[in-house]
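First, one chain by itself in structure tokens, the form predicted alone.
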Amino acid sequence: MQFKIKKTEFLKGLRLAQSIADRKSTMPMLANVLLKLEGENQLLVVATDLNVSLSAHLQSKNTGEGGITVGAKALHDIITNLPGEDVEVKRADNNWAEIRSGKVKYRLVGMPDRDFPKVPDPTESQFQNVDASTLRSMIDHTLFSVSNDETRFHLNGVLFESDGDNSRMVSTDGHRLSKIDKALAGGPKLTAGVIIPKKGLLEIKRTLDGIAGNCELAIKTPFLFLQGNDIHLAVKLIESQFPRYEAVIPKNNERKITVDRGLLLDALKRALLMSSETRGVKVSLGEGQLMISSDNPDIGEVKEEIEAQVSGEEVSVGFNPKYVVDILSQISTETVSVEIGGELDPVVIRPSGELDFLGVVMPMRI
């Protein structure tokens, strides 16, 4: 088995494969990438951690047949640093891989390709063409509020709902929530929402970064399949019940504030320097202004006033400033709308004049 391939073409598959391969697994094979010849002009590159799987079909010039598996990260790093434009790979005795480019020659320990696990087959799935940039934007607006607590696996991903024309993504870690609605023409028609795990979303986003225009999307429980630019991704969905998120989004917060997004974001970043996990930031409503303050006995204190349009009675609310910074960082409008109930009610943050995205932050006692 031997093949020759352009370095840039090889890296198109290896860049994604090495991030999926699981180096911490008790199964050594999962740290490897499968390289398999398909005919005379195609190389199949496969990586999996058994939950997320990638298959890349790359253009190559092949001699012989068969395949080999080698360490995904080592191979990626080697190919990245090779000097020439072309790379030659040959399977040697005992499943070693010989890699050449110009005057550079590497030998990598490999394993037989017959031991590599099978990846999900999307053949019977019904793919739909959807806009890649819209899907990528929806992931950006929800990925940051996914829970990292592995004991709450139903919160370890993003809920995806779609009726074929419009789609919604929702995520929450119990302290904050983000929700975005977008028109996604041609999207899958789902009778119920599915939960896409965080690692799967990261790999979907990396794949979408290399796709201009449309990608192909299919959901056939228990997998989500994504295709584009000769890259095929399979993500195992989380089989659990997502919380009733609508119940935690306040509908009638009486106090409404319109404020410059940049001013609020910068003020919260400054206040963040004086906060901690147990000591948050206090926002107090005044006439035509917001007072943002943080008091930490181990460090010091900060107070800052910013102009705002304030409607409703005065109130002070405490919260973790990082949560609000994360939400504001995903908003592009010049001003934002902040809706507050009482001092212990969830706070709603939206882009001014837009209804497709909102963030909810649970309060802290200050």
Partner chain sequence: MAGNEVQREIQVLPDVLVNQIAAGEVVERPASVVKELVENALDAGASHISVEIEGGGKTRIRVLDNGVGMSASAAELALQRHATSKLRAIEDLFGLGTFGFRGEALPSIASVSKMTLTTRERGDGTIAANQIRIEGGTIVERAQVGAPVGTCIEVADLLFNVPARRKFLKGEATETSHITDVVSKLALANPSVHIRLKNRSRTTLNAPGHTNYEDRVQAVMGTRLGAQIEPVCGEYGGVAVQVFLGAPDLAQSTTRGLQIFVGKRPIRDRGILHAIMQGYNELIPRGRYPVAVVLIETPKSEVDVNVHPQKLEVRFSDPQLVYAAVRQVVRQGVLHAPWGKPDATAAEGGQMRVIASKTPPGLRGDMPQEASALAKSYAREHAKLMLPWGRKVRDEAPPAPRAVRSKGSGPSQNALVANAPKEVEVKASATEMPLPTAGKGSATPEHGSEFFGSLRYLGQLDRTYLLCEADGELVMLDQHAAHERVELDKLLSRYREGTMPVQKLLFPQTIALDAKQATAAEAHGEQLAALGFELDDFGDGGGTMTYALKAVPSGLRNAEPEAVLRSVLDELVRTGQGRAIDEIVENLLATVACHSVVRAGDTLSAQEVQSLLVAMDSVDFRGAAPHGRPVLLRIGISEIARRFGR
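Residue numbers count along the first chain shown, from 1. Everything numeric in this text was worked out from a predicted model, so none of it was measured.
Note that the form predicted together with its partner chain isn't included here; everything after this is about it.
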{"item": "Partner-proximal stretch of 168-176, 104-112, 264-272, 200-208 relative to its partner chain in the predicted complex, 4.5 angstroms, heavy atom", "value": "168-176"}
{"item": "Non-hydrogen atom within 4.5 angstroms of its partner chain in the predicted complex for each of G193, K251 and E314", "value": "no"}
{"item": "Heavy atom within 4.5 Å of its partner chain in the predicted complex - the one residue of T48, T69, N320, S60 that qualifies", "value": "N320"}
{"item": "Selected contact from F144, F127, Y245, F116, since only one has a non-hydrogen atom within 4.5 angstroms of its partner chain in the predicted complex", "value": "Y245"}
{"item": "Contact label in the predicted complex: R279 to its partner chain, heavy atom within 4.5 Å", "value": "yes"}
{"item": "4.5 Å heavy atom contact, M364 to its partner chain in the predicted complex", "value": "yes"}
{"item": "Proximity of P297 to its partner chain in the predicted complex, heavy atoms at 4.5 Å", "value": "yes"}
{"item": "Contact of T123 with its partner chain in the predicted complex (heavy atom, 4.5 Å)", "value": "no"}
{"item": "Contacts with its partner chain in the predicted complex - residues in 129-157 whose heavy atoms fall within 4.5 Å", "value": "D149, T151, R152"}
